[in-house]
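Shown below, as structure tokens, is a lone chain in the form predicted on its own; questions about how it binds or moves come after it.
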Amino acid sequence: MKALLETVIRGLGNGSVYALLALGFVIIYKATRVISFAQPALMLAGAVAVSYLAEVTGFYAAVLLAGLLIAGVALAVERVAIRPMVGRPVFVVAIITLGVDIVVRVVVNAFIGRDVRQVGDPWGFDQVALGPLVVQQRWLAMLAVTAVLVALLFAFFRYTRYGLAMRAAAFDQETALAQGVSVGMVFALSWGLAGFLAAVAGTFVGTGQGIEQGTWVIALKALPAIIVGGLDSLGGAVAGGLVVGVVESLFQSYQGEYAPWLGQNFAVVTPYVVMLVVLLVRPYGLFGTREVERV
């Protein structure tokens, strides 16, 4: 039981990173109806920015500054590459975000080089005792920061003027425009928020193990998370990320003992297996909006 609980905590830690990335995907999708494939590059850029800024300002200030920096980069991407495509087919805009991802990663890789860069986090692989459990400090830090950010994000959408404007535009853009809501501002703000969350997620991806040019692949696990939770649900993005993280962690720990016939490293594909299972049962996700079309 002790090992099981430690495995679950590890999964929740990793899942909180997937949740932050999934929130970025969902925020942009709800505002623009486009899935942004630029999130992996923004995550990697945020981690690299922290690795450089931490050498000057210290880790905690570096995370905040890097988050603001990547939010600015995301705003620039939205204004230059995405805004002119308003009215074009969704597929076209999605392909453009894929091109943005490639361009940003090429630039960021020049700053990474061939070596693994450390983000300068204070935890590393240090462990802490929680009663009978022994877990890595970074898992607890991931959970705590994600909980705070999610709470702030939900408060922002519920109580602030800009948050209410984003909710209105997500519900019906034409009606929101008629009521004086700037849909262009909503698009920009959604990209900025997604960029900030991606930078924080990238920082946690690099804790202990550092970052390298291939680190961006981890962000792809957020795609099953948003499908599991529901493509248009912020709460579903959080739940989906945590579910994917826990299932992946359980398979990492126990699959070799209880299901060796699945082969080595089956845990790598478990997020996509979970996604397929959920799609078979609830095609719109656990918390997504069920759409009924009459023809």
Partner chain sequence: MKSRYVVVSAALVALLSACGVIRGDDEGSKGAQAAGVTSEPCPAAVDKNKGCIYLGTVSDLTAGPFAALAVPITDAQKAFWARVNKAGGIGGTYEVDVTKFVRDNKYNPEVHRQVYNEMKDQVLGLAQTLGSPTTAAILGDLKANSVVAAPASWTSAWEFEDVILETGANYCVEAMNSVDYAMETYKPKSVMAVHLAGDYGADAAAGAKIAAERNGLTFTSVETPSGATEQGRAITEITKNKPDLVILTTGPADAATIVGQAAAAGFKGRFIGTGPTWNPALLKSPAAPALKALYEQSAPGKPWDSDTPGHQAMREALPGVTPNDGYTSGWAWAYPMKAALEKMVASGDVSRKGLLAAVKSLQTVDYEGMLPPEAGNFAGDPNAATFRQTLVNKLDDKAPTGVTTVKDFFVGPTAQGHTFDGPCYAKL
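Keep in mind that this is a model prediction, so the values were computed, not measured. Positions refer to the first chain, counted from 1.
Keep in mind that the form predicted in complex with the partner chain is not shown, yet the notes after this line are about it.
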All of 83, 92 and 233 within 4.5 Å of the partner chain in the predicted complex, heavy atom check: no
The single option of 116, 130, 107, 147 touching the partner chain in the predicted complex, heavy atom within 4.5 Å: 116
Listed range touching the partner chain, judged in the predicted complex by heavy atoms within 4.5 Å, from 32-40, 65-73, 237-245, 262-270: 262-270
Any non-hydrogen atom of residue 218 within 4.5 angstroms of the partner chain in the predicted complex: yes
Contact test in the predicted complex: residue 208 vs the partner chain, heavy atoms, 4.5 Å: yes
In the predicted complex, residue 173 touching the partner chain (heavy atom, 4.5 Å): no
Non-hydrogen atom contact residue 139 with the partner chain in the predicted complex at 4.5 angstroms: yes
